[in-house]
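One chain comes next, on its own, written as structure tokens: the form predicted alone.
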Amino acid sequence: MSEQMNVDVAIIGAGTAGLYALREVRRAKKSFVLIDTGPLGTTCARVGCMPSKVALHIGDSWHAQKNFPRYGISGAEHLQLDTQQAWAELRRQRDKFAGGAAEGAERAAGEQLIMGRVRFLTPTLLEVEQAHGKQQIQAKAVIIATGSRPVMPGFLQPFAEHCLTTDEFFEMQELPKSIGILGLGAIGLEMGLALSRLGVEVHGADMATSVGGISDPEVSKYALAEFAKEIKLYLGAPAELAQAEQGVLLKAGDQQVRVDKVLVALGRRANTDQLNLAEVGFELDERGQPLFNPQTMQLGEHPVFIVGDSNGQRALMHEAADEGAMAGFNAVQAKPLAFKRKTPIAIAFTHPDVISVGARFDQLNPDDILIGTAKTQSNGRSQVLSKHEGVLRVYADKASGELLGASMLGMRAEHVAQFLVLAIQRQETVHSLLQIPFYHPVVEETIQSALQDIARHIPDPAGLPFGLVLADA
């Protein structure tokens, strides 16, 4: 056993949350160690948001030829796609993203980077198992940033040779002719559409009756109509697999289909189950996850904090970065501070995109809100970009007109999401937001149309036209 090491802060995990925590600890000039089991490189860079966007970009580029005849462009029948080369390029870009993240961790931690598997002996005493032996680390504060791994239910084990998780998906050397997808949240939907646009026959199943986590029934109606053109959807029923002579049978409800591979996109599980948390006295919920304060990131009264995918709350990169910074700051304070959380935002880059900003439709009381609706077919820029049909729905407080949330299916809706999250964060009202100029033609004009739809029910107190204020006001 090596001599015990003493530090101010021990950070377990060198992903996004852990690195942002490290930034704050270093800024406070406190001693630290950064512990990781490897491989280095964030989940986003290695197996998540970045390689998935490359896959979508490749798919969209190849799929664009289907619009050529509309514009008088001929000869597309002579184009060929080398999927092995395309996937190799995806991995090259993935490795660049992941390599940059890994180098950032090594550079930030320097000699304080320890590679090994860790468990708690007490709330502030850690044991790290390394290749050459075990090391104990006594810390004044600990930050858990151990990330997550894909869920692989037991019922899929007999079909393991045909199943892929998102961790293995990008390692495929060649694309299958057909694939089933279990789980049509943002990741499953994005990957299903990317593969479909690359010529793979895609069958997607989900217990939910919608896709992409959409809770607004009107937006869901448009999304299902659009995505069903590219993916065979099996919704609202449990899915199972069965043996087949080749590949496997995907069954859902009274439907079944044979597929070569199955992408399991059923969510991710926090990597906290091997940390020995219950044994050292941390209070856990019914799922075995430690209870924590989402405004301080602290576990009970212990000088221990949990951030990013590890806590299972807001599994998005920008949220992990914020939580890491909160925990890193609080870990070196005499008393942790409570931080206000930012407005929720979610984007699926599905072309047309799916977005959710602020409060979701199913979180609001219909009697307390007004809903503004704008169809993308009525937006000039959207019509130029594609023939896809979409809709924006904006939710506002019926009494004050303050924006509460929004949901949308539409081309380049990612920009609409960023615009609206700023407005909601700053507590803009329908009338105050209409005072902003909207250039023509831009996709953001759909926001203006939806706001005007609401403004008709909340007259301007001065009786002025929508969006105009007097010069001497």
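The structure displayed is predicted, hence computed values, not measured ones. Counting begins at 1, following the sequence as shown.
From this point on, the text means the form predicted together with a small molecule, which you will not see here.
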> Can you pick the one in Val248, Ala239, Ile187, Leu277 that has a heavy atom within 4.5 Å of the small molecule in the predicted complex?
Replying inline: Ile187
> If you check in the predicted complex, is His415 within 4.5 Å of the small molecule, heavy atoms only?
Replying inline: no
>> Taking the small molecule as it sits in the predicted complex, is Leu235 in contact with it (heavy atom to heavy atom, 4.5 Å or less)?
In response: no
> Is there a heavy atom of Arg360 lying 4.5 Å or less from a heavy atom of the small molecule in the predicted complex?
Replying inline: no
> Would Arg117 count as a contact of the small molecule in the predicted complex, using a 4.5 angstroms cut-off between non-hydrogen atoms?
Replying inline: yes
> Since the chain is shown here on its own, which stretch among 385 to 393, 301 to 309, 211 to 219, 133 to 141 would lie within 4.5 Å of the small molecule in the predicted complex, judged by heavy atoms?
Replying inline: 301 to 309
